[in-house]
Structure formats: structure tokens, C-alpha cells
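Here are two versions of the same chain, shown separately as C-alpha cells and labelled structure 1 and structure 2.
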Structure 1
Amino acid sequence: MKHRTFFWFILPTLSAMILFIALPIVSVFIQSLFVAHEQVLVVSESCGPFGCTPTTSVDLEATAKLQEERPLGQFNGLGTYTNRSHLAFAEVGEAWASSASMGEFFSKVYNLPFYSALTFTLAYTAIVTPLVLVLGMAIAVGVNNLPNMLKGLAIFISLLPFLVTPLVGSLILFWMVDSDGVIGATIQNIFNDPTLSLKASTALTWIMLMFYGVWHTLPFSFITFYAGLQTVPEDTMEAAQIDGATKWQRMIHVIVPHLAPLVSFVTLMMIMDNFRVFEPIVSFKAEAHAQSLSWIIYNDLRESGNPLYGSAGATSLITIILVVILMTPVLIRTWRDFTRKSH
């Protein structure tokens, strides 16, 4: 294809990527370099029979004029990225210098808001993503081996969690694990402890959120792998069966390599989706035990009367960079597979 033809072919896609991806990211980065203006204070004296008393008040008109003249706020450079609410370079350095052991150092770093949220987000992504991949593949193979008359019903049941919106689904599970709910009451009866609550423990809260994450995203990997199973060459499967390969060997040496591109695709989608975990934290009211990077952004933006746009922008940029880092191994593998096939 000629260069000129190729340019006009990709121009619509390139324009859409610049308009809807590049420009918003650049906009967020610019906003993250600014912080809110300080309020203009006015000191006046109130004098009476017993002398004068200085009084400090906010000059609302001057503050509004300042915000109108410079709506982005006060330039702060990269200071927002390094302050205590984000990478906290100074606090991490102080923790490293004052800690007697690695455990104490990590404990101090974990108490910083950004690193606490980063820990939960990474743990959620690292646990939910492989579980969704493995269970989705297992269910797809199981449904594919069912008699035809049962496949439709099995597919419908498997897709039910995907039909429920995340907010409603997490609210349903929130009620189920409550002391009055089915799961919560059952666990209390099993352990004969009426005070036992899944919401009172950080570890149990994390498990509950991850269980919900697997339950809600499993249909996506299932239906993707099930569609891929329909494209496995029958002659290859028959040849492997004639050669004496067991079901497990056919699974490992025929089906999984055939579905490798779909595995890469589902992995990329799951990493991006799980890294922005947010809805279950809000619905479960689990902020006391689990905070994610997305929840920090949400919390900055809902600051009453004074949204922290710069802080939210900095957290968003850091989140994007971390997602790219996590996706890099999968992208490299996909690129190598593509170049190997093209040769």
C-alpha cells in the first residue's frame, strides 16, 4: 500500500485517538500541575472602648476575581506528584532512614494514603485477573462439552452476573453479607458468634471485594473463550485423539495455544478493568478497610466546595503510567507473536 493511501486510510482512526485519548490525557496532565488558589485574606481592626482587635476575613470578591483570571489555579509544577498524598518522596525517605527493619519500613509506607490504595489496587488486580482467566476458560470448556440441548441454558445462566450493573450487583452482595443477609447470618450461625461481621475485618473485606470482582467479570472471559473454542480445528483435535492424547494433553497442547491471542486480549482487558476498581468499594462502604486509586480520584473530586482537580489529575496520570507498565509484558508478547507470524 502506498504511503499516501495508507495515510488517508488511518487518518480517521488517528484523529479519533488524538481527540478522545491524547488530548484528554494532556489536559489532565496540565491540570495536575496547578493547585487551587489560596483565599485572599483581609486583616481589619475592630475598635471599641477597650482598644482595637485585629480581625481576619476572606475577601470573597478578590478571591473570585483571582479564580476568574487564572481558572487553572496556582502553578505548582510536579509538587503535587511528590507531596504526601501521592508519591510522598520525603515521607518515604524519612521512613527508610528511621526504620529498623523492612517490615517496619513497609508498615510506615503502607500508612501513606497513596501507597495504601496502590497496595489494594495491585492485590486486587493480581488476584482477580488470573482467577477470571482460569475460571473463565474452565467454564467455557465445560459448557462446550455439554449436550446441545443444555448449552443455551448454561450460557444464559453464566452470563447473568454480566447483565447486572456493577452498582446494583455490589449492593445485592452487600446486603447478602450483612448480619441480616443470607451469607452474613449463615456465617454467624456456623461460628456461633452473633458479632462476627465480614465488614469489620480488613482481610475479610478484601476477600469479599475480590470475590465480587471475580463473580462480576467472569462472564466476559467465559463468553470470549467459548467463542474461541468454536474455531478450534476439528481435524487437529481428531489427530491428537488418534495419537492417544488425553483430554488434558489436548487442552494444554492444542486448545490453549490456539486461544493464546484471546488469552492476551482478555488479560489486557482484565488488567485495565481491575485496576480501576471503584464501584464495589463505594457500594460496600468499604473505604475504612479498602481504598483504590480510583476511589482516591473520586474522593478528591467530591471535596465539598473545593474539588482538588490537580490532585485528582496527578493520581489519574500515575494510574495510567502504572497500567501501561503492567500491560507492557503482554503487549511485548503480542507484538512478538504478530511479527513472528508476519515473517
Structure 2
Amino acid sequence: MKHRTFFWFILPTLSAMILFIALPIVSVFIQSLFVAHEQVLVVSESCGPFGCTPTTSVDLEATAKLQEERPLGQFNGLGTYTNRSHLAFAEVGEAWASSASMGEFFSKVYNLPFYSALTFTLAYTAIVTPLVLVLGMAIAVGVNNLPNMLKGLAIFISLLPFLVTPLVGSLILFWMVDSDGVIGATIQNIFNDPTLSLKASTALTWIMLMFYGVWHTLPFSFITFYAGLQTVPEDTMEAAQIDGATKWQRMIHVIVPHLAPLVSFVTLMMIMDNFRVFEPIVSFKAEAHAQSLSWIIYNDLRESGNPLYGSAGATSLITIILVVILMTPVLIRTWRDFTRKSH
């Protein structure tokens, strides 16, 4: 294919990606360098019968004019990145200097909004991903042994939690775990504690969100592994059986190695998707106990009346950098595969 033809074929999709993905990243970066203008204050003296008192008031006109002239706000450099709501270098240093133990240090750092969101996002990714891999594999093996008619049904049922909108899926579970809902009320009955609520404690909220995460993404790993199981070479299995391998041994030595490439594929997809955890926190109204990176960006932009573009931009850019770091192993491997193929 000639360069010219390639260019015309790729033009629509490439311009869409440059205009609405690459340029917005640049715009996010520029925004993150600015903070909102300070309000213009005017001091006026109001004089009454008992002397004069100075009063300070906001000069709305001047503030609006300033906003008009420089809509981005005032230049702040990388200040937003290092302030208390983001990387918080000063506070982390302070915590490091003043804490007697590691535990104390971490709890101080955890109280900073960015690190608290980062902790939840990483914990969510690190816990949900392996659970989904292991359980998905187990279900795939189980379904593979089922009679043919039930296989289709099992896949049909499994697809629904996966395809349903995260916001809607978590709402469905949210109503069930509500203290008046079927699961919430049952748990209260079991522990005989009418004040027990899954939404009231940090630990229970985390468990609930992660349970949702597993419920929502398990079908993907199940279906992928199930498809992989269909391609396990029949004769290798038979040979292993003739050699006297037990079912379990065949599983570990034939099936698992055969599925190994799938495991890395599913892991990659799961890390991407779990790292953006966001909607369940909105649905479960869990922000008091669990915030993710995506959620704090959303929250900055939702700040009523006065969205914090600079702050959202800084968090966005840090998140993008983290995603790229998480993906480097995959990118390097793909690069190696590519160069090997082209030689």
C-alpha cells in the first residue's frame, strides 16, 4: 500500500483521535497549569452616625472582567500538582518527618485526598483482577463439563452482568444491600443488629464495591477462558490420560499452559477496566468511604457553580501517566514481537 493511499484511508479515524483524544490531553495539561482567579476585593468605608467602618466586598464586575480577559485563570505552573489535593509533597514530607512508625506515616498519607483515591484504585485493581482470573477459570472449566444445552444458557445468563451499564448494574445491587433491601435486611437479621449497614463502614463499603467489581467483570474472563478451552488439543489430553495423569494433573499440566496467553490478555484488559473504576462509587453513594482517581476528577468537575478545571486536569494527567506506567510491560512486549516479526 502506498503512503498516499494509506494516508487517505487512515485520515478520518486519525483526525478523530488527534482532535478528540490527543489534543484534549494537551488541553488538560494546559488547564492544569492554571488556577482560578482570586476574587477582586474592594475596601470601602461606610460611614454612619458612629464613625466609619471599613467593609470588604467582592467587586463582581472586576472579577468577571478578569475572567473574561484570561479565561484559563492565573498561571500557577506545576503548583497544582504539588498542592495538598494532589501529590502533596510538603504534607508527605511533613508526615515522614513527624511520624514515629510506618503505620502512622501511611495513615497520615492516606488522609490526603489524592493518596486515598490512589490507594482505593490500586487496591480495587489488585484484588478484583486476580479474583476474576481464578473464578473465571473455575467457572469456564465447570461450564465446559456441562451438557451442551446448558452451556448456551450459562453463557446467556453470564453476559447480562457484564453488558449492563456499570451505573445501572451497581444500582441494582445497591437497592438489594440497602438496609431495607433483601440482602441488607437479611444481614441485619442474621447478626441481629438493626443498625448494621453495609454502607456505614469503610471495610464493608470496600468489600461491597469489590464484590460488585467481580460480579461485573467475571463473565469476561469466564467467556474468554471458555473459548480457549474449546481449542485445547484433544490428542494431548488423551495422551496424558493414557499416561495415567489424573484429572487434576491434566488441568495443571495441559490446560493451564495452553491457556497461558489468554491469562495475560485477560489480565491486561482487567487492569485497564478496573483502574477506571468510577460508576459504582456514584451508584453506591460510597464516596465517604471509597474514592477512586476517576471519581475525584468527576467530583472536581461537578463542584457546583465553580468547577475546578486546574485540579481535575492535574489529577487526569497523573492518572494517564499511571496508566502508561502500568501498561509499559505490555507495550515493550508488543514492541519486541513487532521488531522480531519485521526482521
Partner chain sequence: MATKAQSRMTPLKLFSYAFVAVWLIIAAFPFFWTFWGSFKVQADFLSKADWMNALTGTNTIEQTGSAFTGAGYYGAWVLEDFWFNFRNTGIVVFFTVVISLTFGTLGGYALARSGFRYAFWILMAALVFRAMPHITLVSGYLLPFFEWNVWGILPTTIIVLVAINQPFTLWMLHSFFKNIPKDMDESAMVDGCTRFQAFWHVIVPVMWPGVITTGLFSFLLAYNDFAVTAMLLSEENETIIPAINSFMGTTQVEGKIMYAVAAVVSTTAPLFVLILFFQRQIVSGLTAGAVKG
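Take the two forms, find the largest set of C-alpha atoms that superpose within 1.5 Å, and that set is the rigid core. For residue numbers, the reference is structure 1: its sequence is counted from 1. Note that the structure is a prediction, hence the values are computed from the model and not measured.
- Given the two isolated forms of this chain, which one is the form predicted on its own? Answer to the question: structure 1 is the form predicted on its own, whereas structure 2 comes from elsewhere.
- Query: Does residue 274 show a Cα shift reaching 2 Å between the two structures after rigid-core superposition?
  - Reply: No, because once the rigid core is superposed, the C-alpha of residue 274 moves less than 2 Å between the two structures.
- Message: So, superposing on the core, is the move of residue 31 at the CA at least 2 angstroms between the two structures?
- Response: Yes, the C-alpha moves 2 Å or more.
- Message: Given a core-based superposition, decide whether the C-alpha of residue 285 shifts by 2 Å or more between the two structures.
- Response: The answer is no, as the C-alpha of residue 285 shifts between the two structures by less than 2 Å after core alignment.
- Query: What's the distance in angstrom the Cα of residue 335 travels between the two structures, core superposed?
  - Reply: So the C-alpha of residue 335 has moved 7.5 Å between the two structures.
- Message: Please give the CA displacement of residue 326 between the two structures, in Å, after core superposition.
- Response: Comparing the two forms, residue 326 shifts 3.2 Å at C-alpha.
- Message: Given the rigid core as reference frame, how large is the C-alpha shift of residue 9 between the two structures? Answer in angstrom.
- Response: Once the two forms are fitted on their core, the shift reads 11.2 Å.
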